[in-house]
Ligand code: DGL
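Shown here is one chain on its own, the form predicted alone, set out as structure tokens.
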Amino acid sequence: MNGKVLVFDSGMGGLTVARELRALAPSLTVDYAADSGFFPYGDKSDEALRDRLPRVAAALCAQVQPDVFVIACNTASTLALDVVRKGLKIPVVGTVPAIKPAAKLTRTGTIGLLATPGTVRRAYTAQLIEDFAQDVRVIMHGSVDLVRMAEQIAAGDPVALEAFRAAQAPLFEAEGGEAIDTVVLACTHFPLIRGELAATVPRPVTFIDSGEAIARQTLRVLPENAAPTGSSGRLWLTNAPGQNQRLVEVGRRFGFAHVNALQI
């Protein structure tokens, strides 16, 4: 499959989506961009993100010239997907929390949503629940700590299992939380720590994320006339690579060895 896709996130989380894309279409050129100069998004104000995201997307796409732009970030997608789409002349694929499949999968009628605080509070998420999960109970918990812990684990830094237990405990300790049997990982960082989360839940649950679904949608909207690029995937950062050695190293592990800085 020909063409170039640019996968974008605030940090490392979208690398899980890039991995899914490469698995489905090995001949596709996949570049990866991290807004490292503004990480993490989960604790930024809506106003700041609405101002920044269209500018970052436009600058990256002007430089990279992708055929499809993938916002592999729930926080960014739930806030600014429409405005980014309006500013670009190529297909833009967003990240939607996997609430619909989780609602179909649950046996107890109660699902958990593990996300960033921004995704939890957004009207976009509430609308997804209204549209696809009216018949089930949805319990939500937002955590910025889990994003940082995911980046530490991806970089090979040790994190005590007890930290994962404590970070996700509020989800199960909430009213009705004892009935949760399915948990939506509504942040692309969280598949990086699926094993740690599974090892520290109070009882067995099914974890579900949207990585493969995003990859399949990307391939569906890829223009049929997309040309082969002949280039290998590159890593783009919005501040100096020297300030992001951990991200650069993890990018290399995911196959992004050529690092470029783009000042926003």
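Numbers follow the displayed sequence, beginning with 1. The model shown is predicted, which means the values in this text are computed figures rather than measured ones.
Omitted here: the form predicted in complex with this ligand. The next part is about that form.
You can rule out all but one of 71-79, 163-171, 127-135, 102-110: in the model of the complex, only 71-79 has residues with a heavy atom within 4.5 Å of this ligand. This ligand is not drawn, but in the model of the complex it has no heavy atom within 4.5 Å of A98.
Looking at W236, you'd find every heavy atom of it more than 4.5 angstroms from this ligand in the model of the complex. At a distance threshold of 4.5 angstroms between non-hydrogen atoms, P66 is out of contact with this ligand in the model of the complex.
For C187, a non-hydrogen atom is located within 4.5 Å of this ligand in the model of the complex, even though that partner is not displayed. Residues of 24-40 placing a heavy atom within 4.5 Å of this ligand in the model of the complex, in sequence order: F39, P40.
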